[in-house]
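Just one chain follows, in the form predicted alone, and it is written as structure tokens.
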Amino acid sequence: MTEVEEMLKFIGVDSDERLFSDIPERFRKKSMNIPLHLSEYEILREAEAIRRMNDTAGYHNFLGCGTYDRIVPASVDSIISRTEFLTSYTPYQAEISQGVLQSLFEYQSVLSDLMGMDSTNSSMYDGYSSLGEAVRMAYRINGKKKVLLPDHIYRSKLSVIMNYIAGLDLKIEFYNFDEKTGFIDLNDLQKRVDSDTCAIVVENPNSLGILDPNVTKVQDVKGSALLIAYVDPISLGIITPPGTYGADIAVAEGQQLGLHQNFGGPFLGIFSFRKEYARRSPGRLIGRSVDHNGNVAYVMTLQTREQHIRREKATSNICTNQALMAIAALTYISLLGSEGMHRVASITMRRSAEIRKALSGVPGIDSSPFSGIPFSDVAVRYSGSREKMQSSLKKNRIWGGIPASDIINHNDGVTRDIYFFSATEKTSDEDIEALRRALEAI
């Protein structure tokens, strides 16, 4: 009896095909056109040759609107692949988890500095769930009934918020943008703020891709409402952090901080807040203390989920966190430092400006539908056939041109015929020239 036969007998199946019985027959690949008896290295070379046949290879990538293709230093992947981090679970036993706890403590410190806030928890699932938790936290703090959201928030983001507040006595109301600048309409916002306003959510850059200076003025009109800021963490290398313009809670998607796009995850939810709200915050806070001998020791200071002693007093039902992703973000920021973060943000803005300039002379294209400055997502207005645009982009091997109507909550005059092309520090002159030619060809 062969080893394979012994293993099959032990687990109670009569053939290795039975192991794949859950996969429909029509989807099973019977053989691969790879010679037998190849070495591991030779197999990898064959696999790479097959990969090059994929039609997706060699595309110019202008996809963004929430997740971005940025340079990830090799050191990030190397560090988070270490078994001390990769295999770690929740560090319940502090005495054997000092390395992970210290790393998460440092993550909290670095992110608090980046966000300009007092405190940051040790991570949430992703940016959208962080925003949902922020709205719930605001409700716990003041108990008021109305939440003001940007009129052009992403539908997917709104959906997560609605799921998170289901069952709470909260209602959603939307405030407007200025159609020319793409900024918050402060007059409209002020009219909507009243004594029962729980929180105001602002975005910077906003859903139109614009860096919005009016977010710094919301504190003047918010009254007693809490200010929740949703930000792009890379942009904080060059623009004012939310803590300096009065944000009570600041959240972000941390994917850009050393995480690959990974077909949509896992990502990282960044969640920062003012220190007086610590006991109303979700997730976990790692603290630094001393042990019996006076040595520095790290512990889980606050654990607010229902599985612990909090039970019905839990501030969140998040059942884990993104510790490995948080350590990746810590590694990324530590490697770049403040100068590196500034450089990445500056290059991103410059590339966005170059996209605008390159498309400014293309017939039928308005490359500056808003006077506000884009950070990464560049809005372009094109009133022609959507099918023609997508066909030309595909023919020229370009990913991008996300229609605003597909992602933004209210598709009105502001967002009608808007498409997004996103820039990062990876965007090259060749990429931008290819985009210009593709749009001219329409």
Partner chain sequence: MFRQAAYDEPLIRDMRSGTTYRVPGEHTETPEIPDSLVRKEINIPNVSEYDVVRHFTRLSEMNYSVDTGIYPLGSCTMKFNPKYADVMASWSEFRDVHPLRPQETVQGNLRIMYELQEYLKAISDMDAVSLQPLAGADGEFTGISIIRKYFMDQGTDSERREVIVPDSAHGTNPASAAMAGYDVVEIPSTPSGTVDLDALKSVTGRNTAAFMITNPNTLGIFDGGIAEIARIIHEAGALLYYDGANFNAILGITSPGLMGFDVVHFNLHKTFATPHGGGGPGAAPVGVKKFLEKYLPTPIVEKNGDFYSFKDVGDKSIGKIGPYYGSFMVLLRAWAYIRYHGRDGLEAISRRAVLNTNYLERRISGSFRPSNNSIKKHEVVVSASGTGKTANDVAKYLLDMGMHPPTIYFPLIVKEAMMIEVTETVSKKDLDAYADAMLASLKEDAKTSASRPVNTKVTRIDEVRAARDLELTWNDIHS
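Positions refer to the first chain, counted from 1. The term rigid core refers to the maximal set of C-alpha atoms that superpose within 1.5 Å between the two forms. Here the structure is a predicted model, which means the values were calculated and not measured.
Form predicted together with the partner chain: not shown, discussed below.
Undergrad: Each of 91, 96 and 211 within 4.5 Å of the partner chain in the predicted bound form, by any heavy atom, yes or no?
TA: Yes, all three are in contact.
Undergrad: Although the partner chain is absent from this view, report whether residue 430 comes within 4.5 Å of it in the predicted bound form, heavy atoms only.
TA: Contact check for residue 430: no, nothing within 4.5 Å of the partner chain in the predicted bound form.
Undergrad: Is the gap between residue 365 and the partner chain in the predicted bound form 4.5 Å or less for some heavy atom pair?
TA: Heavy-atom contact with the partner chain at 4.5 Å: absent for residue 365.
Undergrad: Would you classify residue 188 as touching the partner chain in the predicted bound form, given a 4.5 Å non-hydrogen atom cut-off?
TA: The answer is no: residue 188 has no heavy atom within 4.5 Å of the partner chain.
Undergrad: I'd like to know if residue 182 sits close to the partner chain in the predicted bound form, meaning any non-hydrogen atom pair within 4.5 angstroms.
TA: No - in the predicted bound form, heavy atoms of residue 182 and the partner chain never come within 4.5 Å of each other.
Undergrad: Since exactly one of 341, 359, 170, 227 fits, which has a heavy atom within 4.5 Å of the partner chain in the predicted bound form?
TA: Filtering the options by heavy-atom distance leaves 341.
Undergrad: For the chain seen here without its partner, which of 170-178, 117-125, 141-149, 194-202 has a heavy atom within 4.5 Å of the partner chain in the predicted bound form?
TA: It is the stretch 117-125.
Undergrad: Can you name the residues of 129-147 that have a heavy atom within 4.5 Å of the partner chain in the predicted bound form?
TA: Residues within 4.5 Å: 133, 136.
Undergrad: Determine, after fitting the two forms on their core, whether residue 428 shows a C-alpha shift of 2 Å or more between the shown form and the other one.
TA: No, the C-alpha moves less than 2 Å.
Undergrad: Just to spell it out: taking the C-alpha atom of residue 41 and the C-alpha atom of residue 71, is that distance smaller or larger in the predicted bound form than in the structure shown here, given it changes by 3 Å or more?
TA: Relative to this form, farther apart in the predicted bound form.
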